[in-house]
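In the block that follows, a single chain appears as structure tokens, in the form predicted alone.
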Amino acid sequence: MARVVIVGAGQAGRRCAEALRDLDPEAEIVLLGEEPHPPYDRPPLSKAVLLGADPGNGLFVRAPEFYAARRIALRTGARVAAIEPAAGRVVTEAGERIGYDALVLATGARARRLAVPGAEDPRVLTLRTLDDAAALRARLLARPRVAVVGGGLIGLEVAAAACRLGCAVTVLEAAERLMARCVPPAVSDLVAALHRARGVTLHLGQALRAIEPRPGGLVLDAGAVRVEAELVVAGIGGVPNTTLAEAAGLAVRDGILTDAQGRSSAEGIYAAGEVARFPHPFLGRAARLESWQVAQNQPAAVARALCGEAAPYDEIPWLWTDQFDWNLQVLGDPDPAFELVRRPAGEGRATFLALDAGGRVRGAVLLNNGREATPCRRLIAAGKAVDRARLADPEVPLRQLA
């Protein structure tokens, strides 16, 4: 491998560069990022960064000198404006042309904007980048009335952080329950009870129609509900950054379409992280997964493919969220259509297991019970029918059922 150019210096781009260097000591690796910061992890942005707390393992996973030591040419503030596949090069916004032998698009996603009248008001914010988090924290410290639009992971994490900072918080969610895309109704009900107990006002089944400016604030019109706020945060998911890929003629459908090893429809061009839509063996379909796990590990499969190794990415899906003092981990596919078995684990802790029609565990939700993540993964991977009574019995170790 001669020169590999990686567009996108987020977590996926960093991981691809690291894995490639481990596999190929001689490859020339160029990592281009449009943000002014070196690669950082995004999960702390909606939690520790907003709260001004220590993000644990560190926001910047690698020190700046790491990249030079590993001979990874990291260039920040270098936005790529175009890909020229026929010439094998990318063109930066500054007009520089950089040739490649292989190209990896790790362009991630951007925050989805609200598509209602008034959404362009400067008091309507999103959270995606480190600069977004810094700007939002500065506003939250003034303790405004905050309206969060969206009751998914990001929206609820922002709501929890704002509440802990002393803000009066209201959440507007168009669906009838919280976190509807990733947890069963019983878990949604528990999360709703948590937020209400901490003082968050929830309006479920209420789709935002417009944002109306008023002296000193904003009014959110959701038809049956009108919410007054001084600050609005949109937490309605992300849109994959596929503009470069589309302009270059790559196959795109809510993400860059790839095979199981990250190869796009164009020779020599790959996609890594949450911008990639790839066939997932566990799910049995093509999927674009927005999670730390995918940004951390799928790029390593892309690096292996660059080096000629046939090792597709096939991990059982996993994501987590921290809200107030709760930690929720979601594994596999806890589809609401599946039977849900609750396994008590003591005060404030539980494991929920989703069983398909054949009695096989297909997914799990762990409430403050991360120690059961490994046996749950094994149960899901085993793909065999389990006894429901034993599964629900906390005296029976899960490892005995895998």
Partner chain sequence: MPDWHRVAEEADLKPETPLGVRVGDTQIALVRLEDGIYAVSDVCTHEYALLSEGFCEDGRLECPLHQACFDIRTGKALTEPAEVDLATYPVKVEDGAVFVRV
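Numbering follows the first chain given and starts at 1. Please read these numbers as outputs of a predicted model, since none were measured by experiment.
Heads up, the form predicted in complex with the partner chain isn't pictured, but that's what we're talking about next.
- The chain is drawn here without the partner chain; in the model of the complex, the stretch among 155-163, 264-272, 79-87, 319-327 whose residues come within 4.5 Å of it by any heavy atom is 319-327.
- The shortest heavy atom separation between R349 and the partner chain in the model of the complex is within 4.5 Å.
- Under a 4.5 angstroms non-hydrogen atom cutoff, the partner chain in the model of the complex lacks R343 among its neighbouring residues.
- Remark: G370 counts among the residues lining the partner chain in the model of the complex, judged by a heavy atom distance of 4.5 Å or less.
- The partner chain in the model of the complex comes within 4.5 Å of a heavy atom belonging to R377.
- Checking G52, P336, G58, G359 against the partner chain in the model of the complex, a heavy atom within 4.5 Å turns up for just one residue: G58.
- The contact residue chosen from T92, S188, Q296, N241 relative to the partner chain in the model of the complex is Q296, the criterion being a non-hydrogen atom within 4.5 angstroms.
- If you check the partner chain in the model of the complex, you find no heavy atom from any of G13, Y40 and R128 within 4.5 Å.
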